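Here you get one chain, nothing else, as structure tokens; it is the form predicted alone.
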Amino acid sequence: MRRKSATLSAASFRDEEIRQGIELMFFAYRDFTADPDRILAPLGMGRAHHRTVHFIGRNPGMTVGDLLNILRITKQSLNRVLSQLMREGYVEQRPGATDRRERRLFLTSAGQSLEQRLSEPQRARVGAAYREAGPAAVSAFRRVLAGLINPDDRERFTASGPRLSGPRRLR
């Protein structure tokens, strides 16, 4: 019989349980991204656009460097995505208040509307799953997800919420 300890080692889980967890992650990701994919396709956009809009919406005024650090994509890839979002009126760049060379990123009103359309079905899906699972499961799920994140990124997530780096906090 399995111990009911919060400190179970990975070895105490059967390979099949771990494989089922991996499979559930694949299906969850597929379904979690399906609604935004359907919204973005007619706009000629994809998941990189979605992630960019999401993080700029959550962090108005973030720098291009902050975004590169979060997305871990090349400058060339981000430039392609940002150029399209700016050209189509979803994102705007403004110079930094103290360093005019900084490029600060903001969603326009059209960008805010797009972000809302993209996140609404995801918020509904996560909210429904949270309600069905209950508070204890939500807390455990967040710990599992944090455990899946590379250690150098885990520090972004604190008891008071996620943060970009240093003292600057994500909303």
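Residue numbers here begin at 1 and follow the sequence given. No experiment lies behind these values; they were computed from the predicted model shown.
One more form of this protein, predicted together with the DNA, exists but is not displayed; see below.
Out of the listed residues Ile70, Met45, Leu107, Leu118, Met45 is the one that sits within 4.5 Å of the DNA in the predicted bound form by at least one heavy atom. Using a 4.5 angstroms limit between non-hydrogen atoms, Asp31 is distant from the DNA in the predicted bound form.
Using a 4.5 angstroms threshold between heavy atoms, Thr63 counts as touching the DNA in the predicted bound form. Among residues of the shown chain, Arg103 is one whose heavy atoms approach the DNA to within 4.5 Å in the predicted bound form. In the predicted bound form, the DNA sits within 4.5 Å of a heavy atom of Arg51. With the DNA left out of view, the stretch that reaches within 4.5 Å of it through heavy atoms in the predicted bound form is, among 138-146, 37-45, 110-118, 125-133, 37-45. With contact defined as any non-hydrogen atom lying within 4.5 angstroms of the DNA in the predicted bound form, the contacting residues in 77-109 are Ser77, Asn79, Arg80, Val81, Gln93, Thr98, Asp99, Arg100, Arg101, Glu102, Arg103, given in sequence order.
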